[in-house]
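What follows is a single chain, given as structure tokens, in the form predicted alone.
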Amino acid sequence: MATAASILFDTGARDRIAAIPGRLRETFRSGRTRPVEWRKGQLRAVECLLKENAPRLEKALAADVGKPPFEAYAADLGFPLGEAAIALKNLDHWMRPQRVSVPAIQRPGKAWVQFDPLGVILIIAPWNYPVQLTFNPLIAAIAAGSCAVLKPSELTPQTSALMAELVAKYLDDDCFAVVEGAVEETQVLLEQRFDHILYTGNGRVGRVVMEAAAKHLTPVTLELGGKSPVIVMPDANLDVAAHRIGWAKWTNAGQTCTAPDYVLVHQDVEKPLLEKLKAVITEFYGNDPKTSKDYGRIVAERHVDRVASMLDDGVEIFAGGQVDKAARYIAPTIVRGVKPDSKVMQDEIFGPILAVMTVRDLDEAINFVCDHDKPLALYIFSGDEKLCARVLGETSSGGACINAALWQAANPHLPFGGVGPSGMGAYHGRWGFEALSHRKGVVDKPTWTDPKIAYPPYSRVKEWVARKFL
């Protein structure tokens, strides 16, 4: 099988990196990526890559981010395997042109929407789920019939190098390339013309990506995260809420873009919820989470400093709070007494600190959410269907769960994406196929008849027909 290129930045790397999109575009223009057989072949190759190399990928993820084997497989490998399977099952249907009606004045004729591949896609992946967030967009690009340049994060060097090696071994060299490296390499890529850019990461870099894309009028999909709130009402099942909030928060040591960031809990149930969340930490990770094989690590020491600094701003540490910078460890932590101007409330935490604030009623919770940037996710815990419907109807978020957390991002049949500052565009499953395709409108009219109604000279009869049917 052909191999894919992995380019390391050195003296001559700028020119080599800059040449990659043009090389892939030549392949795209040849028509190689358009047939369904080619797309399915590459999707099967992705499946083989992930299945045959799962132990190596899990080992790299453990080294880079301290992921437990279960989380490495379930979150980083299992998701793209599911995406590939769904694409393989549904690709023929997705690619089929969609017939639409033809206005009476345009008959005889027929019309349809067909999905055209965009061309060459740039995929810039983050470090928190480096395999999932590289291969999920890649699967969408393959399904859509496009070529792709992959840029993994430099903060996960072992995983990045291994993905470059495996893409080179399993996928089509003329259609896919991996560019390793850091800021310099990314900047060179962003100077080039692509047909779509899909970036996952923070809003600061998202603005850089969007500015670079604007120079070429390149469309973008931005998955940016934000401070995802949890609303807990008095009628919630607190045992279930504590387990589901705790699992969603402390998976991957809190380094998940859709993780619960802060809790708005009704003041009547703050104390029991806090006690149950504290008990969940022990249930999940034992008396000393640092020794738990099921608890991850922070990706880099500078991120340990960033997250730990949020504990120095007058908040009350209710549970956890231990920090070991050398071990890249921050304990699962709960803080209460949080104020809107607390440091922990200023930016996305992206770490294992769960901030808890009390509210007097649902109105206060909704108003607080609406007064801040639209989040990537919102979670509501309540047994009242009307109350939950009100939260969904009066707030805006990229996705949401009722009496659960994270699962909206794990369902490949739902669109995954942000709104406003938490991102733009969405993908996963069919939504990914459509995001990386162009919807081309087509009209086909026969030539055996050619009504003159639209042609000059215009008469009263023609004008009557136009006003009647247009």
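These figures come from a predicted structure and were not determined experimentally. Residue positions are given as counts along the sequence shown, with the first one as 1.
What follows is about the form predicted together with a small molecule, which we do not show.
Contact assignment for the small molecule in the predicted bound form, among L376, V344, V230, V120, heavy atom within 4.5 Å:
None of the others qualify; the residue that does is L376.
Just to be sure I understand the contacts: of E154, D239, D313, E275, which is the one whose heavy atoms reach within 4.5 angstroms of the small molecule in the predicted bound form?
Of E154, D239, D313, E275, the residue with a heavy atom within 4.5 Å of the small molecule in the predicted bound form is E154.
Taking the partner as it appears in the predicted bound form, which of 202-210, 284-292, 75-83, 99-107 has residues with heavy atoms within 4.5 Å of the small molecule?
Comparing against the small molecule in the predicted bound form, the contact stretch is 202-210.
Quick check on Q187: any heavy atom within 4.5 Å of the small molecule in the predicted bound form?
Although the small molecule is absent here, Q187 would touch it in the predicted bound form, with heavy atoms inside 4.5 Å.
Closest heavy atom of A182 to the small molecule in the predicted bound form, within 4.5 Å or not?
Yes - in the predicted bound form, heavy atoms of A182 and the small molecule come within 4.5 Å of each other.
Heavy atoms within 4.5 Å of the small molecule in the predicted bound form: does A365 have any?
Answer no; every heavy atom of A365 is more than 4.5 Å from the small molecule in the predicted bound form.
Give a yes/no on whether F433 approaches the small molecule to within 4.5 Å in the predicted bound form, heavy atoms considered.
Flag for F433 set to no.
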